[in-house]
Structure formats: C-alpha cells, structure tokens
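Here you get one chain, nothing else, as structure tokens; it is the form predicted alone.
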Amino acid sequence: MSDLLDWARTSPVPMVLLTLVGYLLGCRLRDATGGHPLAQPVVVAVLVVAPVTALLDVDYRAYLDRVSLLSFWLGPATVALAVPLHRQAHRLRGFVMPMLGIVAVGAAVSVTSGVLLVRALGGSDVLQRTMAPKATTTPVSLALSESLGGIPALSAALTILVGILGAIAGPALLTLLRVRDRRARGLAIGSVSHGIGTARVLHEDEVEGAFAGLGMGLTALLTSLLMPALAWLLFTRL
C-alpha cells in the first residue's frame, strides 16, 4: 500500500489523469446544467484535484512538475486563440487604439488597486508584491511575482482565483451594467479572468471569445511592460 501511495505522489501519471478527469467532469456538469455560471470546468477540476493532492501531501510546486505535460500544451492552446480572432479581424476597424489605451489603463489599475488594497488591510510588503500581477495569466504571474520579490506559488493561486471569480460573475455583471458590445465584453473578461474566463465566453459566443483571448494576451504583455515603472512608483515613491 505504501508503495502505491509513493507512486501516486511521485509519478506524473496519477496527477495528469486526476486533472483530466476533474476537467472532464466539469465539462459534463456544465453541459448538464445548461452552462450554469457555477458549473465551470476549472472550478470542478480544482474541487477534485485540491483535496486529493492535499490527502497525498503533494504541494503546488510538485503538482506543477507532475502535470508539466499538460502545462506544455497551454502554449499551443493560447496561440490557437488567434484563429477565432482572425475570423473576427474585421471587427477591429476603428477599435485598435481605444482598445490598447483602455487595456493599458486597466492593467495599471489592476496592479495599483491590488497593491493598495493589501497595504490598506495591513498586508506585508511581500504580500503586496505577490498580489500585484494577479490579472495576468498564471505563467506570467509566476515570473512577475518572482522578479518583484513576491511569493510565486501564492501569486499563481491568486491568479487562478481571480480567473474563476471573473468567469463566474463577469458576464452577469457586464449584463447588469448594460455592456452590450461583444468586443467590449470579451476584452473585459479576458483582461480580468484571462484563460479561465476566455474559455467560458468562447464556449458561449465566438466574438466575445475572440476578443477575450486578445484581451488576455494584451493584458499579460502590457502588465509586463508597465510593471517596472509601477513597482518603482508603488514600492519606492508611495
């Protein structure tokens, strides 16, 4: 029995299978509930994977190493988001400059508000640096957190949490605020909840999904470019 547990802890096979099964269950639940906001495949996968890894005493870094095969395919999957965007390229006319401006402002607001919120609540300097890159994709969040002196694993967890909350509540909130333009809705979801939100809206509307993928990529890029100046301002001048 102990040999089996050791194999489950150290071999990548159980973790990869566990992750795939969790995500598949999430897809089945989403389809069975007619796309209910709470029935997000990522949420279900987390609820399946987290207790099992905790029971097996597998920490986040070890789990990430075990599922590196799946992580590798996130790159091609992200690049593939260019396909629906190419189909909607005509919708970019007259929209490029306003889009770049608002995404840049949104990235700056995301970083600044996250840092100042932690500071206002009495959080440490390290926690503030950890919170800063929360709206980028998980790989970018890990890299930025490490460069800022934060806690990369916690940044990744915060990034995933933000993505889940955005995917669940984002579309309903935009509808409540009477945001009708599919391009604007997609950019908002992708910029805030990155890949998790993009996966949801792409399943529901191709235009929203295409612009969500664009918003996700632009937010990661612009946050990375703006982060040195924002870090200097937030941690040196303020």
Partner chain sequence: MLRGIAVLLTCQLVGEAIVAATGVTVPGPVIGMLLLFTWLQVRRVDITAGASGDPGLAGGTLRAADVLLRHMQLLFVPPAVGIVAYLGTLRADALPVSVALVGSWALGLAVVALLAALFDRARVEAAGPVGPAAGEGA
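Because the structure is a prediction, the values reported are computed rather than measured. Numbering follows the first chain given and starts at 1. Definition used throughout: the rigid core is the maximal C-alpha set that superposes within 1.5 Å between two forms.
The next section is about a form of this same protein that is not shown, the form predicted together with the partner chain.
By the criterion of a heavy atom within 4.5 Å, residue 166 is counted among the residues contacting the partner chain in the model of the complex.
Contact check for residue 52: every heavy atom lies farther than 4.5 Å from the partner chain in the model of the complex.
When contacts are judged by a 4.5 Å heavy atom cut-off, residue 149 does not count as touching the partner chain in the model of the complex.
The partner chain is not drawn, but in the model of the complex it has no heavy atom within 4.5 Å of residue 32. In the model of the complex, the residues of 63-100 lying within 4.5 Å of the partner chain by at least one heavy atom are, in order, 63, 64, 67, 70, 71, 72, 73, 74, 75, 76, 77, 78, 79, 80, 81, 82, 83, 84, 85, 86, 87, 89, 90, 91, 92, 93, 94, 95, 98.
In the core-superposed comparison between this form and the one not shown, residue 38 has its Cα shifted by less than 2 Å. Once the rigid core is used as the reference frame, the Cα position of residue 70 differs between this form and the one not shown by 2 Å or more.
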